[in-house]
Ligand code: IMP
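Coming up is one lone chain in structure tokens, specifically the form predicted on its own.
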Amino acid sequence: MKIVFATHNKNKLKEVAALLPNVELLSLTDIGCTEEIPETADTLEGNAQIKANHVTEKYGYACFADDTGLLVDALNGEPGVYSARYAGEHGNAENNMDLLLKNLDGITNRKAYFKTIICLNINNEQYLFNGVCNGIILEKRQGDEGFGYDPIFKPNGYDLSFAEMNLDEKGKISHRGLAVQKLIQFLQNL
């Protein structure tokens, strides 16, 4: 079975491919998709659907795509769907963390959660899988592993930030790891 994972990120692709031994996983690069797929929806579900639908409609492949957001209680769910571009420039993790910490300055309720949505298009059907990881926003960065908001997010029940965990440890409890596990279970039962 061939399925496209709508990403150019080789590390993300390798991580998920290791969990799907009976699937030939292709990246956007592998299928020649070089155009930017705009994430214009106002929900994580909508953005995942836009990416998966683009690949299925334009390239004819079964495909899954994901979108992730960090939702902070005291900020009414911000940055949410805008997590990657919270401070303006897309993907500038340092600026995003700086702005989030500034916006939480002096606030004691630091509850937050990460949410990942995976949209799968296969056999002319569409399926959504989600994963959620609850935790808190730390007052300063801890650790230098991971990416995005990992240095300031500490999952509930752990003394380490995501950026202080190894990939295996993080993968078992993270929002993306949980959503991918649901996807894997579904694909194994096809």
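Sequential numbering from 1, following the sequence displayed. Bear in mind the structure is a predicted one, so any value in this text is a computation, not a measurement.
The discussion below concerns the form predicted in complex with the named molecule, not included here.
Participant: Let me know the one among Phe147, Tyr59, Tyr158, Tyr127 whose heavy atoms come within 4.5 Å of the named molecule in the predicted bound form, would you?
Facilitator: Among Phe147, Tyr59, Tyr158, Tyr127, a heavy atom within 4.5 Å of the named molecule in the predicted bound form occurs only for Phe147.
Participant: Pick from Asn53, Thr68, Ser27, Gln142: which has a non-hydrogen atom within 4.5 Å of the named molecule in the predicted bound form?
Facilitator: The residue in contact is Thr68.
Participant: Would you check, heavy atoms only and a 4.5 Å threshold, whether Leu100 touches the named molecule in the predicted bound form?
Facilitator: Leu100: no, not in contact with the named molecule in the predicted bound form.
Participant: Is there a heavy atom of Ala84 lying 4.5 Å or less from a heavy atom of the named molecule in the predicted bound form?
Facilitator: Yes, Ala84 is a contact residue.
Participant: When the contact criterion is heavy atoms within 4.5 Å, does Lys14 count as touching the named molecule in the predicted bound form?
Facilitator: Answer no; every heavy atom of Lys14 is more than 4.5 Å from the named molecule in the predicted bound form.
Participant: Mind telling me which stretch in 28 to 36, 134 to 142, 148 to 156, 119 to 127 gets its heavy atoms within 4.5 Å of the named molecule in the predicted bound form?
Facilitator: Checking each option against the 4.5 Å cut-off leaves 148 to 156.
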